[in-house]
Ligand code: THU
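For reference, the chain that follows is the form predicted alone, supplied as structure tokens.
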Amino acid sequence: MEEQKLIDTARAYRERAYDKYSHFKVGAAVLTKSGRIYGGCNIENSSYPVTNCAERTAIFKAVSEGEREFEAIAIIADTDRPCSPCGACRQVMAEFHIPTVIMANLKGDVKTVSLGELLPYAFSEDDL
């Protein structure tokens, strides 16, 4: 896996963010086992709960194209430390078993963790 390529793709998608309310641009890129990369950005809405995060945008794009197996996801924002995904995005990552999460910021800081480190007690089909 080319970590930098995923980060660069996420950075490019960050520029497409629809951040009319928060002015907080986030980009994400997900790598599938087939080798394809899908990017996404945050898309806000005046009804805040229906806003979609960059991570979920990228994952949902991949899933809508038939992808079901993933290698990694990268997330980037203009933050002091590497950008960490929200709880809803962590749960979606768990649903699709994305094993590697690369968190980055515009300053070049990067932290790579496993999904298990990020969400050790994820809710899953085993809990149903």
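Quick caveat, the model's predicted, so the values are computed rather than measured. Residue numbers run from 1 along the displayed sequence.
The discussion below concerns the form predicted in complex with the ligand, not included here.
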Taking the pose of the ligand in the predicted bound form and superimposing the surrounding C-alphas onto this chain, would you call the site open or blocked (blocked if 3 or more ligand atoms come within 2.4 Å of backbone or C-beta atoms)? open
From the list A62, A29, V26, V101, which entry has a heavy atom within 4.5 Å of the ligand in the predicted bound form? V26
Could you check which residue among I37, A72, C53, A94 gets a heavy atom within 4.5 Å of the ligand in the predicted bound form? C53
Residue contact check: E67 to the ligand in the predicted bound form, 4.5 Å heavy atom: no
Heavy atoms within 4.5 Å of the ligand in the predicted bound form: does P85 have any? yes
4.5 Å heavy atom contact, S114 to the ligand in the predicted bound form: no
For the stretch 6 to 44, I need every residue with any heavy atom inside 4.5 Å of the ligand in the predicted bound form, listed N to C. S22, F24, V26, N42, E44
